[in-house]
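As a starting point, one isolated chain is supplied in structure tokens, in the form predicted alone.
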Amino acid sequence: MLTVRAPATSANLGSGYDVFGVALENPADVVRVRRAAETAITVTGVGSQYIPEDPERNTVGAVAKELDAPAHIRIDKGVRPSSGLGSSASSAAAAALALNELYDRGLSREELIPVAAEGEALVSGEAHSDNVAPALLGGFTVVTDDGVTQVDANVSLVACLPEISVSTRDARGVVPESATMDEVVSTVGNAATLAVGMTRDDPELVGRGMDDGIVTPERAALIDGYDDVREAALEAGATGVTVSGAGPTVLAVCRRSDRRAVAGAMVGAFDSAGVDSRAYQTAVGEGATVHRG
């Protein structure tokens, strides 16, 4: 039996829509696999009641099919579905890494990214890599048609997850089909600033570079209390705030010394809006890890 822990992730980071992603230190999914004649899936943990165990409808079932690696697969969910924290990507990345090793397929982590992305397609309708790439590789990733660029980064984050649900399909439905040249220029500049900030482990640059006036405002409107949560986080010391992935998690960048204050402020602001929430005090972390047994 092989066990793989794969981290939650945050995609987009505001200005890097469908391009940027980071692995988080916590939460995470844990996937256990052992060889079998045909694939069978068991799901436990947070939100497991909403996840189908039918291999034809489960992200890890799609991964097993892609690798021709049937197995008994147990998924212990630590990343809530429909959270904006790459829940399906975490499971898919963990399964891809585990089954690749279990069956000695010999694929590199980079080569496993499109395999895991096929699992993502069951949830989002398209095979996107902005969550599975950091789940497999760790750190900060930039996904383009030419491949994936990864850098390790040491930046503190707070991911505040409200007890509301925003589906990936709905969040994609509000993405504007066009933007003005001024909006594009501003977003490109911010994305470049964010990327430089990640290479320098600079929360000020990363936070400044998260600003986005194209996609984020449309997705933020789907999250009750977002504006107040954002303002509270900034007042508590956050250097930047945005929607994590498709939402509803709100992601804040901050200095490590401000992390607790930012987390408390975000939870308090959601509470004032009548929404229960949980804040993860976390940071950019490593990718999936393999354990035997």
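Numbers follow the displayed sequence, beginning with 1. Note that the coordinates shown come from a computational prediction; the quantities given were computed from them, not determined experimentally.
Just so it is clear, the following notes concern the form predicted in complex with L-homoserine, a form of the same protein that is not shown.
Partner contact region in the predicted bound form: 6-14, out of 21-29, 6-14, 280-288, 265-273, criterion any non-hydrogen atom within 4.5 Å of L-homoserine. Residue in contact with L-homoserine in the predicted bound form (any heavy atom within 4.5 Å), chosen from R172, R200, R208, R105: R172.
For the residues V250, V33, C254, A246, the 4.5 Å heavy atom test against L-homoserine in the predicted bound form is passed only by A246. Contact check for N131: a non-hydrogen atom falls within 4.5 Å of L-homoserine in the predicted bound form. Applying a 4.5 Å heavy atom cutoff to L-homoserine in the predicted bound form picks out R219 as the lone residue from 189-224.
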